Every structure is written in structure tokens, then in C-alpha cells.
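What follows is one chain in C-alpha cells, specifically the form predicted on its own.
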């Protein structure tokens, strides 16, 4: 059942765990699904020895997709009208991610949200916005 405007007020926060202990396998599976085989996401030796990162890291779009699922689980399928993000930190294997959607406004059948995803250390890895159609 879709979220209703009458259920929302400015400042309400919805939180969900996106992933607990992200695995390298999940990252590689996303590479296969997306066709993005950038070695920063799949090749440990390249990532550490050539690029200088501590480990391979997840695709930003994987984090965006998991956060988007949190939103659609909250507002209902086919309700999002806008969704945009900025990637603020890498997501590494072993990370646990939690996302929040905070209600900014509810007007004329549209709810607007600030969106944030953080890792297990409280480091923000994604920030953004969303809007969704809501029933009265």
C-alpha cells in the first residue's frame, strides 16, 4: 500500500539498513549486471598497486540503486518522480550501509525528501534528494 500524505509531516525520518557486510561477490555481481568492469571495482591488484586505493570499492550506482530501493519500499512502487544523488565517499567490501529519507515538504500530492546513506562508521557515502507522488 503506497504511503499517504496524511501519514507524513515535515521532519519525519525513515531509516533502513541497505546492506550488512557488503561482499566482493556483490560488487562483482553488480559489475556483471551493469556491464561496468572498471578495474577499480573488480581488480584488487590494480586498485591497490596502481591506483593507490586501500581496496576495490563499490560502484556509486550500486549504492544509489540500494538507496533507491529504500525509497520505493517506503513510498511505494512507481511513485518516485525525482531522484538525484551525489557520491561523497567510497563504499568498500565489509561496509554496512544505512539510509535515511527525511521529509522536507508535502504539498499538492508530492512529498519531497532529503536522502542520505552512511556506512558503519557514520561516514556519509551518498547524499541527495527525492520526490514522490503521495495519495491524500
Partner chain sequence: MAAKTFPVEASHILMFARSVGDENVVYTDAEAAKATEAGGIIAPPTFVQASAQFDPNYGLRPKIGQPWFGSGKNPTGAVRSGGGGGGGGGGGGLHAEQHYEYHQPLRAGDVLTATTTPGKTWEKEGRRSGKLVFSESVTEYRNQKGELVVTARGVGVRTERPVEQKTEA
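Worth saying up front: this structure is predicted, and the values here are computed from it rather than measured. Residue numbers count along the first chain shown, from 1.
Below, we refer to the form predicted together with its partner chain, which is not included among the displayed structures.
Distance criterion of 4.5 Å from any heavy atom to its partner chain in the predicted complex singles out 62 from the list 101, 62, 97, 56. At a distance threshold of 4.5 angstroms between non-hydrogen atoms, residue 77 is in contact with its partner chain in the predicted complex. A residue is said to contact a partner when one of its heavy atoms sits within 4.5 Å of a partner heavy atom; residue 51 meets this definition for its partner chain in the predicted complex. Contact annotation: residue 123 falls within 4.5 Å of its partner chain in the predicted complex, judged by heavy atom distances. Shown alone here, residue 110 lies farther than 4.5 Å from its partner chain in the predicted complex, counting heavy atoms only. Contact check for 15, 93 and 115: none of the three has a heavy atom within 4.5 Å of its partner chain in the predicted complex. Residues of 36 to 52 lying near its partner chain in the predicted complex, listed in sequence order, are 36, 37, 38, 39, 40, 43, 45, 46, 49, 50, 51, 52, the criterion being any heavy atom within 4.5 Å.
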